Structures are given as structure tokens and as C-alpha cells.
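One chain follows as C-alpha cells, the form predicted alone.
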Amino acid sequence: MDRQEILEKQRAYLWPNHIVYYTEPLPLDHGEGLYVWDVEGNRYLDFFGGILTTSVGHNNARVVEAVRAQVGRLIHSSTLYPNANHVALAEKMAEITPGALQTSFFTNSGSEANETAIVAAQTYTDNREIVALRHAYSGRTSLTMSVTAHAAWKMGKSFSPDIKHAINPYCYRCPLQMTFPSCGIACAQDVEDVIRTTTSGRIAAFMAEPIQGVGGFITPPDGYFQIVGAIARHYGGLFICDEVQTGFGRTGTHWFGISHWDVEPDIMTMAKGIANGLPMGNTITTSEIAQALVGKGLTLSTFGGNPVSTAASLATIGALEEEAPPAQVAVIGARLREGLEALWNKYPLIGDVRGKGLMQGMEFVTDRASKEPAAQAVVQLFEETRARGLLIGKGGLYGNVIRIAPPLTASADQVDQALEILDHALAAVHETLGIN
């Protein structure tokens, strides 16, 4: 099908509330490494990776071969029957996750992984309430939309009253009008205030992303997670760490984002980059917590632990270990960050640059003093980068944050190429808007 036929069929047969990028949606045809091609043969440097999912590049040979081999043996079995890939992947997860995390429950997506984590925490603690953060995004099920703290992402009317939201550590737009480090991380104290004023005083868990993804790559200050983790446990709760976007070396140096703050969660969720695009989520916890769930009700997952998806995940982790380990991601990420900060110095539309590793964001503002969000400038930048062959992401409560997150196999040359395109695109946007 050509571009026009694909778009016509999309309008006719897909729900119209699908979100698509660009004024004219971009139908993709194939990919290789850091590049994708549309159906008209135009090539693009992919610096969003299918929402931080294509972790080792498009059409990665190691992953493709593992999937092909498994498809020829067994495509499906369900969790009623263990298979070699299923248990091998669970063992690997226990090896690379921090602390005492040991036992996994595989599902289909990050939404399902997060919902599984909440149910596990409620069952284990015999408490109901969950404290989450404003600007969080946790998925598209009814329960995970309850955790999500963006009005635009809350579709429907059925939300859980058990979810309470504390202010988040958004230093660039501090809701307390304070500055780190003189603030003493006052935002962390709000978690305790929320527990004491809006809950029964006993919670099931505190749940947070190490770096908020859809929220606009909001990165907390040092010390934040140590404080809130201790608060949660003081009030009977667990710490659920949502690593759906930050996992598998994405933030550099460590396999999982929370390790930057030397904190060990009680439950961790992951998805997206786990299998380089094949559908999978995982909820991992300690042996003690998992064992306590036995006898509390039956559970299974028809597609959890799927032999093909687990084969892809094992191959993806193997490729990361050989081609893009966390230490290498830290080096390439530092190069990207240096380039983005140079653009910040050059272009006044950029109010803030933040993130870790290959998870970097730029927040656009009309004025650095007022910090008025510049969402329209982001829309214009998208069109300019597309025209120059670069794909990027966006997010933030105000729609004014550029999200840059290429496959972790990105090279220094590819980072430099992306920065050059961004430079020219930003120049064009500033010229169009008459900004010097």
C-alpha cells in the first residue's frame, strides 16, 4: 500500500482517538539499526525508538535470529506450561535487577505489569491505598490511568479512589517555589503529608518512575528516593519502581534507573525496551513478597512468558551486554547531553535540559524568566526535524518537552548527526517565530 491508501484505511478502520505524530502522519515501512524508512523510501534517523522500545536498533540480527528459531519450534504455551526461555529470562532478570528482587511475573505490556504490581502490593500488605506522583504516567488500563496524573490521558470515568497523588520533584517548575539544594528536598515531605491527610494512614505502596517518561523526562534531585522510600515503609507500604521507560541501561551506568540513587525497590516493573519491540511486561519482586501471594487467589497470563517474546528478550539483553552495556550508554549519553546543553546556550526557546544517559529532554518556553510553555514551538520543531530526516518524541503536561531517546546502540557519529539536524531545525523555528 502507498502512503495515501494507508492513511485512508487508518481513518476508515482504526479508532480516531489514536494519537499520531506530525500534521501528515508518517507510515513507516522498514528499519535497520538506527534508521527507518517510510513507504515512499525516505530515510529517517530514529531518535525516539518507538517510545524507548527499540533498545538495540531496528532489525537487530541477534534478536531476529532468536525469534525466527523460536517461531519454528513453539509460538505459544501460556503460563500453565513453563518453557526454557521463560525460566531462563526470569533467572536473568534476577541477575541484573538491584537488591533482593528475585521472582518475575511476565505479562503483555507496561500497563499490565504496573497493574500486577499494585495488586501484589495491596495483597501483600493488606492495605489499599497507593501514593503516586503528579505528572506520572503508568498506562492505559482503568487502574493505571488512576495512577496517571495527566488529565489528558485519563479517558473514561472509572478511576480508583485508592490512588493519591503527591507533588513531584519537578525542580524546573518547583511547585513549592524553592531551589535545590537549599530546599532540602521539601517535595519529598509532601509524600508523608499526603499519607497523613488523604489516606487511612496505612498504605500499600508508593509508586514512581525514576525519571518520569510521558511527564517530560522529569529527573529528581539526589536524595529524593531515599527519603520517600523510607516514608512509604514507615507507613506500612512497599516501594514500586516503574522502570517501563528507564530500564535496561536506558539511563546509563546501571541496568535500571533507580540504581542511580542507590535505592532498592520492593517491586519493580519493566516493559518497552525489554524485548526490542515484541510485546512483553514484567513485574519482579522479592521471594518473600511473591511467596506471601500464594493462596490469595488464582492467577495466570495467557500470553505471559510467551516463548517467542522471551526469546526476543533474552537476545535483546545479550545484544545490550555486547553492543551497548550501561557504561557505554553513559558515555554516548554524556556526548548527547553536552550537545543539547550547547543548543540551550544558543537558542532561547530551550528553557531546560534534563535526563540521564540516552533519555534526554528539552523543555521549550516562550520566555526563560516566565517559563511560559511553548507547545506550538515543539509542533513546529517536529515538522522541521521530520523534513531533515530525524524522528524525535514529545511529552510533558503542557506538551512542550522534546524527548530524545534513540536505540541504545547509537554511535557517537549518529548522536552528532542528530545534534546537527536539531541545530538547523531550531534555527528554522526561531527564524519563523522571529526570535533572536
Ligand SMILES: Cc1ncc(COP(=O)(O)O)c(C=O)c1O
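Predicted model only: the values in this text are computed from it and were never measured. One rule holds for the numbers: they count along the sequence shown, beginning at 1.
What comes next is about the form predicted in complex with the ligand, which does not appear here.
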item	value
Position in contact with the ligand when the complex is considered in the predicted bound form, options Asn282, Thr285, Ser138, Asn276, heavy atoms within 4.5 Å	Ser138
Listed residue (Leu133, Ala120, Ala311, Val214) with a non-hydrogen atom within 4.5 angstroms of the ligand in the predicted bound form	Val214
Among 176 to 184, 102 to 110, 291 to 299, 316 to 324, the region lying within 4.5 Å of the ligand in the predicted bound form by heavy atom distance	102 to 110
Distance check, Lys356 to the ligand in the predicted bound form, heavy atom within 4.5 Å	no
Any non-hydrogen atom of His254 within 4.5 angstroms of the ligand in the predicted bound form	no
Heavy atom of Glu209 within 4.5 Å of the ligand in the predicted bound form	yes
Partner contact for Gln245 in the predicted bound form: the ligand, 4.5 angstroms, heavy atom	yes
